[in-house]
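The data below hold one chain only, encoded as structure tokens and taken in the form predicted alone.
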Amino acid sequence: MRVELLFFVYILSTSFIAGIIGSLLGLGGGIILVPALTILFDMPIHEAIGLSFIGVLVNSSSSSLVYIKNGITDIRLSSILEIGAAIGSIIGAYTALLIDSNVLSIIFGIVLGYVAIDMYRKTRTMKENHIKRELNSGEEREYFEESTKKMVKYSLLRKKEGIILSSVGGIFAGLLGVGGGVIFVPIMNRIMNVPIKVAIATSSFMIGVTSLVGMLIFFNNGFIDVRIISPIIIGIFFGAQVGSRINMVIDKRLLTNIFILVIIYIAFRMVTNGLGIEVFNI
């Protein structure tokens, strides 16, 4: 009984941290949850991905409540991008079922490496005051920036490219159980001219659909352990509530730099695990 209780607390704590980070950065939490379940708890990666879909779904639902209430989520944009994302997630989830676990670990590590590089680049242009937004050249939108107490205007650009590229995010969401935010956020921010906070909030809303698709496919194929669902749901839900509220006021530059270092380590561990190389644990 004591061992079971400790295991419950460990999973709950890990999920709580994943929920905070996922909602803060619009990544869904799977980026933390999948490596944690495989590295710390020695869980097969297919099972970890299946459980991650549930965590990402809860993260999306929880954080979106806060973002939508504060008027940051672009619902119209998410409804457009979900078309490609949903199709991509179906393709990705079925592909994941056919791939060897070691290969999946290596792919996951490579994707995390990309995340670290992309986030490092963002730290150089993260503050909205330093980003030159294109106006009067697309569909104009606005949102209220809580940290400055001002309305921020921006123009939505390149919708067609966004829809096409969102399918790539959907594929990664279904393949790795990460929600797809790692792709959705850069697409909206870099290509479609959407401010980073709006991109994060909109991504948090979108990943609910991609994770739901993946969850149904993995559950149907027996890769979701129902005994571990409850601590993941509880931890992710409350973590996402905390993270989404912090996002309203925090300057994420320092947090992002710390997170990059963590991601680099996790990426290294996922690749070495996939290759069967024994390394020291931290």
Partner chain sequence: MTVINEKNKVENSILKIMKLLLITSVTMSMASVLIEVNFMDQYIINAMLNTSLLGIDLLKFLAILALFMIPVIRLSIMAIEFYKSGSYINGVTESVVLIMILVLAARIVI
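Residue numbers count along the first chain shown, from 1. The structure displayed is predicted, hence computed values, not measured ones.
In what follows, reference is made to the form predicted in complex with its partner chain, a form of this protein that is not presented.
- Three-residue candidate spot Ser78, Met206 and Val213; every residue lies within 4.5 angstroms of its partner chain in the predicted bound form by at least one non-hydrogen atom.
- Contact with its partner chain in the predicted bound form, judged by any heavy atom within 4.5 Å, is made by just one of Val103, Ile110, Ile191, Ile83: Ile83.
- Contact annotation: Ile277 falls outside 4.5 Å of its partner chain in the predicted bound form, judged by heavy atom distances.
- Although the partner is absent here, Val249 sits far enough away that none of its heavy atoms falls within 4.5 Å of its partner chain in the predicted bound form.
- Taking non-hydrogen atoms only, Ile68 approaches its partner chain to within 4.5 angstroms in the predicted bound form.
- A residue is said to contact a partner when one of its heavy atoms sits within 4.5 Å of a partner heavy atom; Tyr94 meets this definition for its partner chain in the predicted bound form.
- Stretch 86-94 is the answer when you ask which of 170-178, 193-201, 110-118, 86-94 has residues with heavy atoms within 4.5 Å of its partner chain in the predicted bound form.
- Residues are counted as partner-facing when one of their heavy atoms sits within 4.5 Å of its partner chain in the predicted bound form; in 31-45 not one qualifies.
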